[in-house]
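Shown below, as structure tokens, is a lone chain in the form predicted alone; questions about how it binds or moves come after it.
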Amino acid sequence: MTKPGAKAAASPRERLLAATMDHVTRHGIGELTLRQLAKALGTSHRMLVYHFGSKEGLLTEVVRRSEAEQRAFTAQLMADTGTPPIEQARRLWSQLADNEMWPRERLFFEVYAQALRGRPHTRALLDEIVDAWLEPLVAINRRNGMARDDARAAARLSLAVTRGLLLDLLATQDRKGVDAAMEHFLTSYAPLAGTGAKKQKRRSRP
């Protein structure tokens, strides 16, 4: 029996998933086969198939876990009410755009494309790749003064802009250019700018 307060030991599946995430972060995936990946992880092809079904299934789980970790990081960052929203967003972008994140982000777009093509074991990703982010982002926008319908549309827009600029960054490696584009977006995005919406309302009065 596990003692109160003690953490349960990670399951074999969890350990393999964590090892794969570490491998992706350090080395990427490239053209590794499942057997080659198993060798790199110090396990067997059979065990990876048993727990994840296929290479695509394993990589889909890596993407899902990475996205969940990123949502948790975002929630923690945005919970700091002593930091202005626009500065919170800048810190989030800085973390996402760091080159240490690029291997995971390349994998994200690769698996996303496979899911769109209907590859086996990847389809479940489409059920959450947008929707899982919307409610947390809507909550942030609502907290910063947006009406609910506007908050939802703005959440989808900010998600699309962020992913689009990350794809740009991976393709061009132009960090300066994408940073400037993100800064332009953030400073024109009223909920993050804080007073932007209020100023607009005052200007619209007769």
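Since this is a predicted model, take the numbers as computed values, not measurements. For every residue, the number given is its place in the sequence shown, counted from 1.
Keep in mind that the form predicted in complex with the DNA is missing from the display, and what follows is about it.
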Practice prompt. Let me know the one among Arg26, Arg148, Arg46, Lys176 whose heavy atoms come within 4.5 Å of the DNA in the model of the complex, would you?
Written response: Arg46
Discussion item. Going by heavy atom distances of 4.5 angstroms or less, which of Arg152, His51, Arg163, Arg64 would be at the interface with the DNA in the model of the complex?
Written reply: His51
Worksheet item: Are any of the heavy atoms in Thr172 no more than 4.5 Å from a heavy atom of the DNA in the model of the complex?
Response: no
Item to complete: Determine whether any heavy atom of Leu137 comes within 4.5 Å of a heavy atom of the DNA in the model of the complex, and answer yes or no.
Response: no
Worksheet item: Could you tell me if Ala181 has a non-hydrogen atom within 4.5 Å of the DNA in the model of the complex?
Response: no
Worksheet entry | Interface membership of Leu34, the DNA in the model of the complex, 4.5 Å heavy atom rule | yes
Worksheet entry | Interface stretch in the model of the complex with the DNA - options 140-148, 51-59, 163-171, 64-72, non-hydrogen atom within 4.5 Å | 51-59
Discussion item. Need the contact residues for 125-152: heavy atom within 4.5 Å of the DNA in the model of the complex, sequence order, or none if there are none.
Written reply: none
Discussion item. Just to spell it out: taking the C-alpha atom of Leu159 and the C-alpha atom of Lys55, is that distance smaller or larger in the model of the complex than in the structure shown here, given it changes by 3 Å or more?
Written reply: farther
Item to complete: Work out the direction of the Cα-Cα change for Val111 and Gly30 in the model of the complex: closer or farther than in this form? It's 3 angstroms or more.
Response: closer
